[in-house]
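Next up: just one chain, as structure tokens, the form predicted alone.
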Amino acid sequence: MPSIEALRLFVEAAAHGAFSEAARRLGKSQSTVSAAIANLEVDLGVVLFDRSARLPVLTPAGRHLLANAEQVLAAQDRLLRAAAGLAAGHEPRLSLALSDTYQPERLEALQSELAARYPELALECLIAESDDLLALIDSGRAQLGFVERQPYYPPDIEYAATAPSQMGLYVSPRHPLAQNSRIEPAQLDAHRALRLTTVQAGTAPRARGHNWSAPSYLMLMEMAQGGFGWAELPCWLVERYGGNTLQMLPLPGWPRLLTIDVVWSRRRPPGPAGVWLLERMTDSRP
């Protein structure tokens, strides 16, 4: 079985075109490098370098196997970095539960810094709302969540305010409500409402029988785009993905601001990467 050291000497010799230069860069003697590469050729059963000229030249087999050797060395480097992170207490994976009420610009701005600080971290983003999102945090399926402030949090859920979000009432331009220059709340009752529900709740919210519901704002937006009713939707979601397919209703008091909380479990607190992200998401600096 080829050793990692032999593969590293092979890659260095190929990169610099000389056994002597590879030896100098790695602090080895030239004879050590030559012997290691010769033994590697025996182990692999192929000739890696043509030594007939003054400087060794990769053979076709050597060129083909060079890429494989580089991949093995890169995998070893990843293994060592991941092990070092775990030994230092860094979590191998960070799962975020995101509500569509949360505007993602701040998180998107921090992703590059997160990747640079924790290069071996596996990042997972889940989409859920209210009770469903809290269940992901409470069960440990996600370590951090971003959700519209709830009237009640379970005892083991901690929370802190982050950037607010804006909600509006929307309909398709084809909807009858879209023809009014001003809407009163009573007018909404005459038309189908598209309302958010959750899987955890088990049943749809109590409302008039012709209303529709879904567990995500994206699904509600698609229903509204189809002209099936009016919906309360995050303004950023409509602006980014709704195009000209939805119209905001001119209702007094709307659009309205929501407080968005970042939530986590006291029983299963986030690791260093999660704590760093939590601190940055609740920091008032831009």
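Computed from a predicted structure; not experimentally measured. Counting begins at 1, following the sequence as shown. C-alpha atoms forming the largest set that superposes within 1.5 Å between two forms make up the rigid core.
The discussion below concerns the form predicted together with the DNA, not included here.
Here is the short version: of 259, 245, 29, 59, the single residue with a heavy atom within 4.5 Å of the DNA in the predicted bound form is 29. Though the partner is left out of this view, residue 10 does not reach within 4.5 Å of the DNA in the predicted bound form, counting heavy atoms only. In the predicted bound form, at least one heavy atom of residue 55 sits within 4.5 Å of the DNA. The DNA in the predicted bound form is approached by residue 34, whose closest heavy atom lies within 4.5 angstroms of it. Although the partner is absent from this view, residue 24 contacts the DNA in the predicted bound form, with a non-hydrogen atom inside 4.5 angstroms.
Stretch-level contact check against the DNA in the predicted bound form with heavy atoms at 4.5 Å: of 66-74, 245-253, 223-231, 34-42, the positive one is 34-42. Here residue 18 counts as shifted, since its C-alpha moves by at least 2 Å between this form and the one not shown after the core is aligned. In this overlay on the rigid core, residue 263 has a C-alpha that sits less than 2 Å away from its partner position between this form and the one not shown.
If you fit the rigid core between this form and the one not shown, you'll see the Cα of residue 50 move by 2 angstroms or more.
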